[in-house]
Every structure is written in C-alpha cells, then in structure tokens.
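One chain is shown next in structure tokens, namely the form predicted on its own.
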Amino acid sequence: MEPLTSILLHPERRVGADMARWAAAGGGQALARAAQDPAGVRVAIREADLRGMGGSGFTVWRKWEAVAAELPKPDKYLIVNGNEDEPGTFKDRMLLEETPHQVIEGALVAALAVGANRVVFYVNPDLKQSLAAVDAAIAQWHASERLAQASKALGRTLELSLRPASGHYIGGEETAAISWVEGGFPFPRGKPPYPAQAGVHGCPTLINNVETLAHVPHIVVHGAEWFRSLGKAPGTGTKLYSLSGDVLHPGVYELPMGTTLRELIFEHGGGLLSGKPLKAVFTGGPSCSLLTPVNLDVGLDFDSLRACGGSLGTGAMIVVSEGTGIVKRVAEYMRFFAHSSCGQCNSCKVGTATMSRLLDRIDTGRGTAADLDTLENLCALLPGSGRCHLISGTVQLLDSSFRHFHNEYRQALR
C-alpha cells in the first residue's frame, strides 16, 4: 500500500544501487550544500527537531554538536547502525536494499557536519540483500567524483566501509557496536565516557540509525520548517512504522509522525484478520510496552506515547487480536531476551533467565502465586541495573503486561 506521505520510500528513490537513477531523482544536492556550509547543516537538523529513529528518540543535533566540538584523535568515526534485530522491526533493511544511496548521502552529510572522516556501515549479517546493496553502492561512491569532492570539503580523505555486525541482538546497542567495529566482542560499555568523547579506538564517534540518516538529505534540501510540517504535532517529519501481527496488510508504512494507532491499523493495515477485535499492540517492538484499544487514538510519536506510559521505540507495531494469550506471547519474547543477554551483567543474565523460567511455568499451568509475586518483585528491582537497555526493556514489557492483563496471569496459575 502506498503511504500517504513519502519522502524516504518514494518510488523514484527506490532504485537500489543504481547511482545514476538516484542522482536523476535529485540525489547529491544535500551533499553539495553540506560541502559549502557544514555548520548550517547542524542548525537545520536542530530546527527540524530530528529524533533518533533507532529506538531511543534522542535529539539528533545534541549528538552532532558533541562530536563536532571534539578534535580528531586522530580520526572521527560515524557508525551507521543497521543492526536491526528487534523482533517485528524491518524498516532499515528496506532503506538499505531499495535506496542505499540516500542513506549514504545522509551519512556523508552528517560526516561533513561533525568532521568525521571514517564512515562505517554496520549491518546485520543476516540481511544478505542489504549487505549486497550497500556493498555495491559503496563501490559506486568510491568510483565517483562525489566522494572526492566531499573529501576535499572535509580537508581529509573520507573513507566508506562496510562492517557486518556480530549477529547478536545486543550488538545494536551503540557501545556494543563500537566494541565490534574495534574487533572485539559486542559487550556494551559503561558511560561515561560517551561515544562522542571516546568511541572507536578512543576517537570521537557519532552513531546514528539508518532511518535517521535517510531523513538528513531531505531536511538539508527542503528546510527544517518543511520537515516539521510533515508531522502531526508534537511529532515532526515522517516515520517508518513496521506493522505486523494479526493485520490484513502487514508491511512498512511511511506516515506523518504522530499518526494514530487507529489510522495505522485500520486505515493502512486493513484491520484485523478474520474481523476479530483488537486486544493489544506491542509498540516499538516487544522490548517497549503494550497498548490496548483504549489507546487507539494516541499519536504514534515519542512524546505522546511517553505521556500514556508507552514507548515508540523503533516504530514496530505488533498487533494482537482477541483469542491470543498475552502470557504465552510475553513468555515467547522473554525467551528471546534471555537468549540475547550477553552475560556481562549478572542482573541481566540471571534476571532474564529467571523471568523466562517463571513465565514458562505460568504459561504451561505449572506456576504458583509465589512465582507471580517473584516476577512482580523483579520488575521493581531490576530496571537500570545493566550497562545497556536490555534488562530495563524486558522489565518494561513484563510490567506493562501486568498492568493491562494481570487477570490473565492469575487465571494461568495452578
């Protein structure tokens, strides 16, 4: 289904690794402007209120300004994060496969804006088509005058490289990505220091998600006010929503940031399978929170969801219809997170394994009231106890399911 507002996935830009067709569709204009005024690019990004689309929703310009303020030691890095391993999320792979030059241009514009000379495309190794498309596109940039012109504007040689990620879910966390790019295991690191001060090999490092950088060329060419006007306040710009689960038309939809859950599911997704009533939606992927039918008119943007106790995350919306057991679904996701823990933090390694074991007991009718009490206590004790968001995200999921479907847990007890 063709999205209502399309700047990232417009048919003219879905040209794969064909650089000539990308240029004919307007590609390269933003890079030329950034070469003339890199500081102006940072101003445009700030005024556009572009947010990080990889899950955190962090204000992009703050990261950029922090990296721009640092001196090369001796290099500056930009990591384009395409690890995309969150269940239910499949937006970045579409951008990498169908419009890789748009992503590369966005990355090069960001590199000029912050003074980065090493750009690393960090892509999930299971996304074979994405890897092939990016590899082919980078080869064309190396053979093009555009990269040489960008290097001249930077005053240093700009290097583009492709680095398949580790294949671990936790590898998407920014400090874990740094560790992997350095050649180590993707263990998340404590902060501070933040990547802007000491990232890859101790050098200042900017890390942005694929979708985030795909927005950059359009903001530079059309302006911050234009970008803001595309969203539904308080959201700005457009967002790629990964819609899946019990809907008639799953897929990636580019819509105004702040589009309601009702619009996404029933207008664009075609409603639920077999006409069943809506029961719940896992928002932002399963590591975030659950919404219910009472939230159908909430805007799917960072601030509106936060206000109602939810989270936009990556923009993944996994729809659940009546008749599906929430306990079973949460238990399945908890097994995934327990398997995905890197084991560096005991609270995460033991906590996710314990939660998974207790949920499996409850789901299979072997659980007791004491098991449920233990899970509720863990929800109070574990958040913030790990080096990364994994343990907090799993607790957020479990706590959210308790808040909305506690009766199902009680009914499942022995």
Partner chain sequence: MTSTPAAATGDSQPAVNLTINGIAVAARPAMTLVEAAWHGGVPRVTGVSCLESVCGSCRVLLRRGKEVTVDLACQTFVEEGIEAVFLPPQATPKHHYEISEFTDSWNNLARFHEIFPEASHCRHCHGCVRSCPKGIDVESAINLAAAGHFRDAGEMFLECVMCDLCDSACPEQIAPAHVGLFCRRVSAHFRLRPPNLIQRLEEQRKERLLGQASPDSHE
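Numbering follows the first chain given and starts at 1. Everything numeric here is computed off the predicted structure, so don't read it as measured data.
Omitted here: the form predicted in complex with the partner chain. The next part is about that form.
- Only one segment in the set 24 to 32, 358 to 366, 37 to 45, 57 to 65 has residues whose heavy atoms sit within 4.5 Å of the partner chain in the predicted complex; it is 358 to 366.
- Contact with the partner chain in the predicted complex holds for none of P72, Y77 and V181, as no heavy atom of theirs lies within 4.5 Å.
- Put simply, of S304, N117, S341, S242 only one has a heavy atom within 4.5 Å of the partner chain in the predicted complex, and it is S341.
- The closest heavy atom approach of L50 to the partner chain in the predicted complex falls outside 4.5 Å.
- Using a 4.5 Å cutoff between non-hydrogen atoms, Y122 does not count as a contact of the partner chain in the predicted complex.
- The partner chain is not shown here, and in the predicted complex it never comes within 4.5 Å of any heavy atom of R93.
- Taking non-hydrogen atoms only, H389 never approaches the partner chain to within 4.5 angstroms in the predicted complex.
- The partner is not shown here, but in the predicted complex the stretch 358 to 381 reaches within 4.5 angstroms of the partner chain through a heavy atom at L358, R361, A369, A370, D373, T374, N377, L378, A380, L381.
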